[in-house]
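Take a look at this one chain, the form predicted on its own, written out in structure tokens.
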Amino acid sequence: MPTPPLLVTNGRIVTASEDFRGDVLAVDGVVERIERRIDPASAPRGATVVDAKDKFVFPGFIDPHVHVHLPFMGTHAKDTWESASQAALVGGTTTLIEMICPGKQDDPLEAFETWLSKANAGAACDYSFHMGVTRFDGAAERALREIVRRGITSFKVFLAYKGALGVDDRELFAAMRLARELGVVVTAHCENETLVDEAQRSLVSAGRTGPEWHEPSRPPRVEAAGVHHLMAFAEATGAEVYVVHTSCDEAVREALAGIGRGVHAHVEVVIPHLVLDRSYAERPGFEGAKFVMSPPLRDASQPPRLWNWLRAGVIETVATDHAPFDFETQKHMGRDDFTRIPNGIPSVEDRVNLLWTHGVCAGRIDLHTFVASASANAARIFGLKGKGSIAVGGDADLVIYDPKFRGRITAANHRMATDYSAFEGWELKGRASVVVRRGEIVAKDGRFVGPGGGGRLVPRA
């Protein structure tokens, strides 16, 4: 069924490069006209009119790093595609890229079909995937070639999680060489798995088992070593690489060093690393387990440095690494051993509002950096056709954003499936007033109002 026409009027349209007042007309889910003023009488009959006076009109936001279906550490992430995608839309995110993380013994093509079927069945937002490479042999290579042929043009490798998801150097080299051949971006979790494993064993054997010891088990030098390792392999193979969830200045500098040697590399930060620090993971009474993620939250000197790199454009994207686990029933699996705490902070619903409140409103980034890092750059890097901008012929993914809204984050009201929020009680200084997915209004003022499902796999260049 065709999507009814939609006319957005009187808004301040802001993209990664433009800022002007104007109107947007969408027909059949595609932007048809962008003009300073569009007479409603000239719009197609039956068009829905949204008045965006005193509000911003942004392109739909893109989160390029989420986990929805995630078997991990003996349990499964709590969200379904229904809950995660609706939460994303309420928060202004209209497209998600999920990490497919098969086990080492799993068939990659079967894993791809499993992850795809779950998104097809429940996604209300649009989506794509990064295909996890957890082993590399002849069968895996054949499967990866087929998956790329079907439009998944990025891989994910782990230089951590020894014995589970991590690849050895031979597999890393082979995967990156294949990526170079196929024109695929290699996204990478960069930590030195041996250093992490040895530190964990030493701490646990010494009785240091609480969540506050998670960060000391994988300090900044371990992450920086992982980035250095990735850059060396990218230099050797010519592969394009993307460093996910960069948490510290040391790791960013290693990526910059690689770029200086000619490596085609991109750097991502996730919202928890911009607004939280390790003191949250040190809270008493096991409360710190709520904040265990990898790489871990760093000391309070690190977030300001990451904001500086973001403002400078060295960090190109702000994602979430959304990995939702309940506090009461899942995080407590590591009550007596921090290495058994499922890693992850639920944040897909909060990313845009936190970036606005603590970035734009705090004067750390400007409007164009806000849109570029939360939408346009991900669309460019990962070839998401029709996404990341407001342009004639592009998808009508729009966020009418109200900067006058004031409210607070609370788990009691969020749509994510977890029993807690890492940002409980935090003030917000703006939120999405209306969210449009391909011309259809799907969220209003913190409520999901669209039909279930309707999300599509995004074609990628």
Ligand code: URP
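Start at 1 and count along the sequence shown; that's the residue number. Since the structure is predicted, the reported quantities are computational estimates derived from the model, not experimental observations.
Just so it is clear, the following notes concern the form predicted together with this ligand, a form of the same protein that is not shown.
Novice: Indicate whether the candidate residues 20, 57 and 370 are all in contact with this ligand in the predicted complex, with contact defined as any heavy atom within 4.5 Å.
Specialist: Spot residues vs this ligand: no contact at all.
Novice: Spell out, yes or no, whether the shortest heavy atom distance between residue 431 and this ligand in the predicted complex is within 4.5 Å.
Specialist: Residue 431: no, not in contact with this ligand in the predicted complex.
Novice: Against this ligand in the predicted complex, would residue 294 count as a contact residue? Criterion: heavy atoms within 4.5 Å.
Specialist: Result yes; residue 294 sits at the interface with this ligand in the predicted complex.
Novice: Even though the partner isn't displayed, in the predicted complex is residue 78 close enough to this ligand, meaning a heavy atom within 4.5 Å?
Specialist: Contact check for residue 78: no, nothing within 4.5 Å of this ligand in the predicted complex.
Novice: Do residue 189 and this ligand come within 4.5 Å of each other in the predicted complex, heavy atoms counted?
Specialist: Contact with this ligand, yes.
Novice: Given that the partner is absent here, state which listed stretch (310-318, 338-346, 143-151, 88-96) has heavy atoms within 4.5 Å of this ligand in the predicted complex.
Specialist: The contacting stretch is 338-346.
Novice: Quick check on this chain: which one of 327, 161, 173, 280 has a heavy atom within 4.5 Å of this ligand in the predicted complex?
Specialist: The residue in contact is 161.
Novice: Note which of 229, 135, 118, 245 lies within 4.5 Å of this ligand in the predicted complex, where distance is taken over heavy atoms; exactly one does.
Specialist: Looking at 229, 135, 118, 245 one by one, just 245 meets the 4.5 Å heavy-atom criterion.
Novice: Using the arrangement in the predicted complex, list in sequence order the residues of 54-69 with any heavy atom within 4.5 angstroms of this ligand.
Specialist: The stretch 54-69, when checked against this ligand in the predicted complex, contributes 65, 67 at the 4.5 Å heavy-atom cut-off.
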